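Coming up is one lone chain in structure tokens, specifically the form predicted on its own.
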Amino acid sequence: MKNTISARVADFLKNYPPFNEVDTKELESLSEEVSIIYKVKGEIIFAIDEEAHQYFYVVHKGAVVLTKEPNDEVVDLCDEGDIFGLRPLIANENYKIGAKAYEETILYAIPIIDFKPIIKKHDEVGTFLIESFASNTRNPYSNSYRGKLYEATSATEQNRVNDKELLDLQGVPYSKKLITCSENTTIKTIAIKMTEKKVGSVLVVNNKLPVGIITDKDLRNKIATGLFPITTRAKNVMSSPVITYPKKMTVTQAQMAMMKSDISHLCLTLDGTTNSEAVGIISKHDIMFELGNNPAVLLKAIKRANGFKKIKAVRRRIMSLLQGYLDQNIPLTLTSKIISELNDACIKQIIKIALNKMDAQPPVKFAWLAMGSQGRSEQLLHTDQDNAVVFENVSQDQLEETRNYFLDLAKIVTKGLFDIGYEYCPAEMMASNPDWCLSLSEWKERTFHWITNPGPDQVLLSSIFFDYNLAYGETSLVNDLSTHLFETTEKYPNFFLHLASGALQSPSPSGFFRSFLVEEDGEYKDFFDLKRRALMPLIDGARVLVLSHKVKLINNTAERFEKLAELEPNNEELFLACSYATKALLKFRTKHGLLHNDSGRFIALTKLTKEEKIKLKRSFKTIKDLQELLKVRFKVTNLLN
């Protein structure tokens, strides 16, 4: 009986170098010896100076970060299909760099003793591995570390090695899922196919050999202008002969080829000529995406993504973009807007993909609400999901069937969000929970209950829900719900007293002499909780003040304070200070989150510089002043007592 596990291993490995150079039977035989290893986030795979393992590794799922001394400087981040841990295979000595799971990861451990005969037989495999080892990265064409002999390159020399200067050696990724047609296919059929597949070109083939190509430009210049009717055949419109190249080409080679021939797509074939089978297409967009983390390019990549895995790849580039903005000290207001736009685009695309996975169209109109930090456009890092669904009212006999449809949809969406890096909400405040997937009438009833019965739980739920923002779907449903909320709070102003009281429940950030108050026990003992002690008092305070002023459509905390400064000139100085403190703390949290690959919520005070501690403490006085204003304005002293 066929070993299905080893068959799956072989099926995976054959897609990645150098295994794609290995014969199928050899690869199947090797796969029977492969061990499958699971690592949780942060778990060590091997440490510096550790004795060499009997394996090298391939990332199957997740990611692995490679680090070197001193200070665990990141050498590389290995993604799906990347190889690492080659030193035992090449040099037979202890590891010089460390490896640990960047996130939850599954590895294939390839036994060296079983792989050596393959190296001897296939020169390409040996060459690839030696180049990978020499460059200290899993791919010798890696953008960042290509050509750098780890021990031989000084820091100064490394600084001179600019990523963009080395693009001529970087292998260019290309689409392997070719969209093709025959010479007799009608242009109308081709246009429909291009629209469905979201591609900018179709390759015209004859017996699998490329004979022509039709692009968006051809449709504009030859069909839209009336030069040819839409019923004409591909052979009358296609650009021919096709300009072909071998599949192993670099980014710069691809760029130069496009510039040389003034074309936007390149066809890759087995031997680089039109006499062999086409294996892929490179577009200008692919080149742009590889060249840099331009927001417009990333946005286009998100909209073209047809699977969660592709969105996850873009999300990593968004994090690189965020890191770059922080390094350049770009104002957080601008940074936050750009990153939030890209995050919102990811969510919309995930919902679109999820809708395509459903067996039927939505039975009624609906709106997907982003809540909490996502709703406030303050979720710059990968944190928890907070979301809800509101759908149009239906008759009682259709209610559960309708809800079940949206629950099924929400399960796909929340899984997609999880796959790209957003953890599930521990309290299950997600649209996949029936309590957060309601009709418009049900949401009105639910929020009416919260406002008119403001106990601690109701205030907490209101605090999360009232920052909602439309992520996808029907605007009128959200507007209707917002109108209901403002009308209800106007009738029951006592709600603001309890909301203000809730805003004062966050523990103080500082003790005597403005010393930091840290967690006294638990996993984060002696850490400073930046979210609960510093950010939440500002977020909660801005919310209750803005709601009491009946200000709509402003969810971002810093922007709420700026609006309050306009509305209350006598408190302008305090509110502008609150806005500044919010942005400074959010930037602080984001930097630490990126540095430690976590949410940035808990800060190790021992690792802060003196300057960082001073910046943090400056915000504490502003928080205290804001809380005093809330106590006086909403008269919550008696309630607290």
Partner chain sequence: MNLFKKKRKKNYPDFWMKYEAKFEKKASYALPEIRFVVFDTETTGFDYDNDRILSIGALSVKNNSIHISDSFEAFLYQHFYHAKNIEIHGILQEERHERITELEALIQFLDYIGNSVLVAHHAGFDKNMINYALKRHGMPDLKNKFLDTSVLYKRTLINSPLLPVKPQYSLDELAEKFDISKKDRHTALGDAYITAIAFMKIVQKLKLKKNFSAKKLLK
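Residue numbers count along the first chain shown, from 1. Just so you know, these numbers come straight off a predicted model, no measurement behind them. For clarity, a rigid core is taken as the largest C-alpha set superposing within 1.5 Å between two forms.
Quick note: we don't show the form predicted together with the partner chain, though the next part is all about it.
> Check each of L517, L209, A427, V279 and return the one that places a heavy atom within 4.5 angstroms of the partner chain in the model of the complex.
The residue in contact is A427.
> Can you work out which of E33, E50, E26, D598 has a heavy atom no more than 4.5 Å from the partner chain in the model of the complex?
Going through each option in turn, the one that passes is E33.
> When the contact criterion is heavy atoms within 4.5 Å, does I106 count as touching the partner chain in the model of the complex?
Yes - in the model of the complex, heavy atoms of I106 and the partner chain come within 4.5 Å of each other.
> Is E628 close to the partner chain in the model of the complex, meaning a heavy atom pair under 4.5 Å apart or at it?
It does not: once the partner chain is placed as it appears in the model of the complex, E628 has no heavy atom within 4.5 Å of it.
> Give a yes or no for Y55: in the model of the complex, does one of its heavy atoms lie within 4.5 Å of a heavy atom belonging to the partner chain?
Close contact exists here: in the model of the complex, Y55 approaches the partner chain to within 4.5 Å, heavy atoms only.
> R316 versus the partner chain, in the model of the complex: is there a non-hydrogen atom within 4.5 Å?
Output for R316 is no: heavy atoms all beyond 4.5 Å of the partner chain.
> Please pick out the stretch from 572-580, 64-72, 37-45, 590-598 that is in contact with the partner chain in the model of the complex, where contact means heavy atoms within 4.5 Å.
Correct option: 37-45.
> Enumerate the residues of 388-405 that have a non-hydrogen atom within 4.5 Å of the partner chain in the model of the complex, in sequence order, or give none.
Nothing in the stretch sits within 4.5 Å of the partner.
> For a quick test of reading the superposition: does L630 move by 2 Å or more at the CA between the shown form and the other one, rigid core aligned?
No; that C-alpha moves by less than 2 Å between the shown form and the other one.
> Using the core for the fit, does the CA position of Y57 change by 2 Å or more between the shown form and the other one?
Indeed, Y57 is displaced by 2 Å or more.
> Kindly check if the Cα atom of F12 is displaced 2 angstroms or more between the shown form and the other one relative to the superposed rigid core.
Yes, the C-alpha position differs by at least 2 Å between the shown form and the other one.
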